[in-house]
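Here's a solo chain for you in structure tokens, the form predicted alone.
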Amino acid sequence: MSLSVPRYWREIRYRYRLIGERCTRCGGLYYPRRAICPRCGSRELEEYQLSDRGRIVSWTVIRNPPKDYERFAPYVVALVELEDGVKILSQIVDVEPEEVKAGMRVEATFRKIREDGTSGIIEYGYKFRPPIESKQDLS
């Protein structure tokens, strides 16, 4: 499914930076963004910067991918629970499928998602990978 160029450009900020929304009435957090809070029905939502770290809740290995994703196969798609409690689906990269486990720590990384034909939009966005530990984290 192709994404229109105007819609793609309108959503870049949210796709690239993991920006969701928080209900100012009940505190519910959502991604992707919503016009109405599904918990309390409020329309008073504000942008919220989601955590870029989380843990894998569940996953599957895609061995027969849909069109435009053939070159990634086999690849892992996982339900990731971010540190702030929001759950999102994402591809898991930089790890072999057999190494993925429930509870595995992951962090967001910016990657190419797909190309819309040879002359279309090249879509970028977040995927998740095992965290790269800094020297401070190892000491």
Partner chain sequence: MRGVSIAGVGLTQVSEHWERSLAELFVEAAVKAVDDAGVEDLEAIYISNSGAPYIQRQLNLGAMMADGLGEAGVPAITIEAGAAGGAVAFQEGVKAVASGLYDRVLVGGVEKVSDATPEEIAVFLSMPEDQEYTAYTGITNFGLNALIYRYYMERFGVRQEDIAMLAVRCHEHAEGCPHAMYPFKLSLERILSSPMEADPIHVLECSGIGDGAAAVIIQPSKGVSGEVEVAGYSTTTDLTHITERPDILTFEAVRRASDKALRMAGISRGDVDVVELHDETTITGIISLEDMGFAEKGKGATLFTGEKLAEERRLHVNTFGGLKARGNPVGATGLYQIVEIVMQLKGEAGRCQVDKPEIGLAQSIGGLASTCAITILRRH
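Remember, it's a predicted structure, so these values are computed and weren't measured experimentally. Residue numbers count along the first chain shown, from 1.
The same protein has a further form, the form predicted in complex with the partner chain, not shown here; the description that follows concerns it.
The closest non-hydrogen atom of residue 40 lies beyond 4.5 Å of the partner chain in the predicted bound form. Interface residue remark: residue 22 is not counted as part of the site for the partner chain in the predicted bound form, having no heavy atom within 4.5 Å. Using a 4.5 angstroms threshold between heavy atoms, residue 31 counts as touching the partner chain in the predicted bound form. In the predicted bound form, the partner chain sits within 4.5 Å of a heavy atom of residue 125.
Taken together, the three residues 10, 77 and 102 all come within 4.5 Å of the partner chain in the predicted bound form, as judged by their closest heavy atom. Screening 70, 47, 44, 94 for any heavy atom within 4.5 Å of the partner chain in the predicted bound form leaves a single hit, 70.
Annotation for 57-73: interface residues with the partner chain in the predicted bound form are 57, 58, 59, 60, 61, 62, 63, 64, 65, 66, 67, 69, 70 [heavy atom within 4.5 Å].
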